[in-house]
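The chain that follows stands alone, in the form predicted on its own, written as structure tokens.
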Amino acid sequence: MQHNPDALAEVHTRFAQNAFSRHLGIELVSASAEAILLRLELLPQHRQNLGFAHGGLLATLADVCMGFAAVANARPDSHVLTGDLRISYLNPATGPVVWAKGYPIKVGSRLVFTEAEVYQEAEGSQKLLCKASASMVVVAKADVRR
């Protein structure tokens, strides 16, 4: 159930303002209430031993993707924060580009439960790199103290 009729515009606006995602090179490919798709070209600074992408980078990509899946389904007067994040790594990222697909599992007024899959294209098929799940906390903008 989508609470915010302008959610997709909100996703695009907030993503454009997200300096951390821009710094890493994460691109928003598509957004809907059902799923968010992100793309990241792996650069030398993203890699660690043996040329594998750093696990923290894949976790961040999944977290950002799930966060925007929650934004696409949260109330218009709210912010979304990661309350709990779980990652299961399945394969190392060795290719030049990784993708993340995030989607809501259950939408509530205070929590949005989400999942994501991070994968790369390999030899004409997708190679699943990690799966993630998160509880996203919905916070009213009026409750945020700076």
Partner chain sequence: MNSRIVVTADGSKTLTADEAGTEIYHSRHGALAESRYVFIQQGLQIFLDHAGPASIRLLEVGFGTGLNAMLGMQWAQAHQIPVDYTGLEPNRLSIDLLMALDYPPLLQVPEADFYNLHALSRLEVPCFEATVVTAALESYQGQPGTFDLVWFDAFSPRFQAQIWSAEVFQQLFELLRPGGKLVTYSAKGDVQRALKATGFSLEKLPGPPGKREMLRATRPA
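Only a predicted model underlies this, so the values are computations on that prediction, with no experimental measurement involved. Positions refer to the first chain, counted from 1.
Below, we turn to the form predicted together with its partner chain, even though it does not appear here.
Chemist: In terms of non-hydrogen atoms within 4.5 angstroms, which of the given stretches 106-114, 23-31, 76-84, 53-61 touches its partner chain in the predicted complex?
Modeler: Result of the contact check: 23-31.
Chemist: Considering non-hydrogen atoms and a 4.5 Å limit, does its partner chain approach Lys101 in the predicted complex?
Modeler: Yes, contact at 4.5 Å.
Chemist: In the predicted complex, is there a heavy atom of its partner chain that lies within 4.5 Å of any heavy atom of Gln17, even though the partner is absent here?
Modeler: Gln17: no, not in contact with its partner chain in the predicted complex.
Chemist: Can you tell me if Val97 lies within 4.5 angstroms of its partner chain in the predicted complex, counting non-hydrogen atoms only?
Modeler: Contact check for Val97: yes, within 4.5 Å of its partner chain in the predicted complex.
Chemist: So, in the predicted complex, is Gln126 in contact with its partner chain at a 4.5 angstroms heavy atom limit?
Modeler: Residue-level check for Gln126: yes, a contact with its partner chain.
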